[in-house]
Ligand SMILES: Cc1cc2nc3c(=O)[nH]c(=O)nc-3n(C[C@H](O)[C@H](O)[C@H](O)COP(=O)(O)OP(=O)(O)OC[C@H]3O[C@@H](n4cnc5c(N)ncnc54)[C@H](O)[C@@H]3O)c2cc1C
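Listed next as structure tokens is one chain, alone, in the form predicted on its own.
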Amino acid sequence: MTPPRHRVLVVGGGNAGISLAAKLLRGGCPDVALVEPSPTHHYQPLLSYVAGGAATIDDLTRAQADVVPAGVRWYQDSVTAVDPDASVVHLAGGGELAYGDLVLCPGSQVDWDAVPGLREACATLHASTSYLPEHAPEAWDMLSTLTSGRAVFVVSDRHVPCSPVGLKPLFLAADHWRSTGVLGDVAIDLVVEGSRLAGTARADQELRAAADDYGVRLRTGTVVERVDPAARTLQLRSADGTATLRYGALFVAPPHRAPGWVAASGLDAEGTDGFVDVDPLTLQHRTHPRVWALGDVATVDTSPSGGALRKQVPVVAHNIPAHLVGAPLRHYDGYTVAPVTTSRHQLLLAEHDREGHAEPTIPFPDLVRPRRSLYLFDRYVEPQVYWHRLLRGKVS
């Protein structure tokens, strides 16, 4: 039986997949299909606000059927394998789909196995994360009820989507503890696997200053090797050796990995934990030119973020038809952005290219300096832009 065939098949119904599908339709593509198993769509950036008590799950949740663009065929199923030589995708439900061009944007997944004991710890009342919708409300319950003891915040450097945003719950919680008069009774440790808190030196300096103002003990270049949920301890490793750190509350921005079927289908880049091997400029697969990828699953040599997608979506939407007729392909310059709160009313933007050079959207005012206006925009205006413009393909 011949499988259904679509001109463009998009895998993943998050920000990347929906925005691209809508953009392709607006550009005149007559046949776009989407594979996404979840009946629910989440605006992921608000999860860090949920974990910091500044938003609710209802603020970021919509029915998937309400955001899939009219005219896009939605297959509510999961991908199990891709055969790029036959241009066929295999589905968990047993079906197959054929394609002209395939765009992979299924996102990444929490890699629980990367840190022994982490999954078990997050099943307790004393550890949580904002990187899964089911855990984000628990994170705020944990942080807001802590009035003394040690709170440890961990930010991994292993494929974490927009990893500096993992600092938002720290600063939101620290400001809460200050306003309720218990900050002096809470010892705060920040364990960061990388050398910086954000992608630019200026943003790193601002965030370090904010952390110091709250009395945060900062450990950079430090890896969490394992968690003991019964003893509530972390085993740490750094250039100085190993150490054990006890916690009363543990928040983690955990390591991520690509969906297993990417590597099983031979579409991954060597040494990347299974992420799709694309040209970072054109977002075209290096071996299979009718396969494309963007978002968290793509190897684009820069930190993944929603702001990065705003640059990537137009590139892929242009390059798919351009490649068919031999026209020049557009390039993605590696722009990315991390909006990070420094309190419950201020936020800064760390904008940079893939080389780490600052790439501000506007030259004035200085958006690296924490501002209340930026906080209000990120928390209240940006979600409306997302629902009403980005997911409708209105991005250039």
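Just count from 1 along the sequence shown to find any residue number. As the structure is a prediction and not an experimental result, all values here were calculated from the model.
What comes next is about the form predicted in complex with the ligand, which is not displayed.
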| item | value |
| --- | --- |
| The ligand contact at residue 36 in the predicted bound form, heavy atom, 4.5 Å | yes |
| Residue contact check: residue 305 to the ligand in the predicted bound form, 4.5 Å heavy atom | yes |
| Exercise: residue 199 in contact with the ligand in the predicted bound form, heavy atom 4.5 Å | no |
| 4.5 Å heavy atom contact, residue 161 to the ligand in the predicted bound form | yes |
| Per-stretch contact check against the ligand in the predicted bound form, the hit in 24 to 32, 350 to 358, 336 to 344, 365 to 373 (non-hydrogen atom, 4.5 angstroms) | 336 to 344 |
| Option touching the ligand, based on a heavy atom within 4.5 Å in the predicted bound form, out of 153, 140, 261, 177 | 261 |
| Selected contact from 170, 89, 234, 294, since only one has a non-hydrogen atom within 4.5 angstroms of the ligand in the predicted bound form | 294 |
| Heavy atom within 4.5 Å of the ligand in the predicted bound form - qualifying residues of 1 to 36 | 11, 12, 13, 14, 15, 16, 17, 35, 36 |
